[in-house]
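Given as structure tokens, the chain that follows is alone and in the form predicted on its own.
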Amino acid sequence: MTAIAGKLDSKILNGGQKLAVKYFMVAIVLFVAQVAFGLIAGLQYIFPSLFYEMLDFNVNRMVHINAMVVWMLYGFIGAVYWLVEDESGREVVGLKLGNIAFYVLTAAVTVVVIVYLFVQTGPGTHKTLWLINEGREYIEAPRWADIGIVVVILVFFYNISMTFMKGRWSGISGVLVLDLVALAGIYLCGMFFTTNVSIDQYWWWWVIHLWVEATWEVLVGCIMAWGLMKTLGARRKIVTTWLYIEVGLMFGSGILGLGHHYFWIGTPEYWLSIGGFFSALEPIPLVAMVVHAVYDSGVHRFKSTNHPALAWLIAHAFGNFFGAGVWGFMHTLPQINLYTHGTQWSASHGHLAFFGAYATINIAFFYLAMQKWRGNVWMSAGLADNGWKWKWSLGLLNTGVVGMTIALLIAGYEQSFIERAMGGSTWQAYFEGQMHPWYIQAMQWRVVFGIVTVLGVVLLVWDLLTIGRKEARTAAVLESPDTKESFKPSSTGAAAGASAG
């Protein structure tokens, strides 16, 4: 079928991509909800009576965090469905089941959010654990929703693994399928109850670290590898090599690095040295993958098929490195963590890490999806509307998140100094720290940069709805590294995709 550049046409999408678009749409809605609730939570730090007994801070923060986790998961699932038919060379197996799973998951998320907002009072019992809230930070979802998440991931695993089994295998597909097993399996660690707080925290950290920070990290590596081949024409052997190194470091350092969460929950002292040493190595291969791919792109004279997507892929590599790596390691060593644990220093690391490691890669795939959905429209240099919206949204979002990160870091430093080092972790020191001018000013600046972030999200949504609409050209044809032909837009004919390299 011949596609018309600039026109939304779902007929040119394959089955997996049509399902991916549904996941992307819900992801964007949840992303908007996340930043909105986050801004309100930031304002409540300065104005504690804001929405008192209407939208209390504890509920607001819970929705903010869980919306973040769920929209990123939606984005990852959508990205994999987007690439699976192209990578496997065949249609998605069990696509109808995959669509059912999408609607079930979306209905469950809607119900859980409503329960979060309106049913959060009264005593905690075994009944509320199953129906209302499990009470575990980041994974507060009631037990029935936990089971639903695992079922949806198992359906997802079936769709992807069977598609590759009946199609062609590659290094990317092999790593991806193995990672999906862990994606479903590790989440089970947070689905049982124990009265021992140390044991409960032990298994809780397996979900928070090895589910969110390990299986997601490998999943992102697979998505990143495919995205670099499509946007930059990166050679498969380069991205696959770094993907294998990522997996090796994940097994060699990720599981041991989990120990940096064990310092203060009653585990043996040897975790102080093991956890402190190994926890900073994980993001390195993803940065190396991008740097190597960009260096290798000299054979294309640094041309790409999708400038916004490539820009967000690069933002991902360095956001992941600084947010998860540098900012994480800044307070991971036990000698430092003794003073920083549980302060805004942790929130500073969390904001930059989740945005840099996960939000950026999802946004890149939103742009890849919009490019093909609009008839494989031209999205390189010289866009019809000059591309100002995606550039400004990129700048505003990164400025906003980095600004919040620095503001929270200052607040965390103040807490570590006054509450911990000087005050000795007493209640009096806690309240002195909360009322200190440094802390108050940092929280005010956090709101200022939160507003910048919200403006970036608004501009991003506007751009995704309009980018390429005025374009009449189809996408550039990215030649393989072995050819010396020029890189030019195609003026007529069917939509042309990027070479896998």
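The first residue of the sequence shown is number 1, and the count goes up from there. The structure presented is a predicted model; accordingly, all values stated were derived computationally and were not measured.
One more form of this protein exists, namely the form predicted together with protoporphyrin IX containing FE; it is left out here, but the text below deals with it.
Although the partner is absent here, residue 454 sits close enough that one of its heavy atoms falls within 4.5 Å of protoporphyrin IX containing FE in the predicted complex. For the chain shown alone, residue 331 is a contact residue for protoporphyrin IX containing FE in the predicted complex, at least one non-hydrogen atom being within 4.5 angstroms.
For the chain shown alone, residue 188 is not a contact residue for protoporphyrin IX containing FE in the predicted complex, no non-hydrogen atom being within 4.5 angstroms. In the predicted complex, residue 411 stays away from protoporphyrin IX containing FE, with no heavy atom inside 4.5 Å. For the residues 303, 235, 261, 372, the 4.5 Å heavy atom test against protoporphyrin IX containing FE in the predicted complex is passed only by 261.
For the residues 390, 354, 156, 102, the 4.5 Å heavy atom test against protoporphyrin IX containing FE in the predicted complex is passed only by 354. Looking at 65 to 73, 460 to 468, 22 to 30, 48 to 56, the stretch with residues near protoporphyrin IX containing FE in the predicted complex, meaning non-hydrogen atoms within 4.5 angstroms, turns out to be 65 to 73. Highlighted residues 39, 346 and 349: every one comes within 4.5 Å of protoporphyrin IX containing FE in the predicted complex, counting any heavy atom.
Within 4.5 angstroms of protoporphyrin IX containing FE in the predicted complex, the stretch 116 to 151 places a non-hydrogen atom from each of 137, 138, taken in sequence order.
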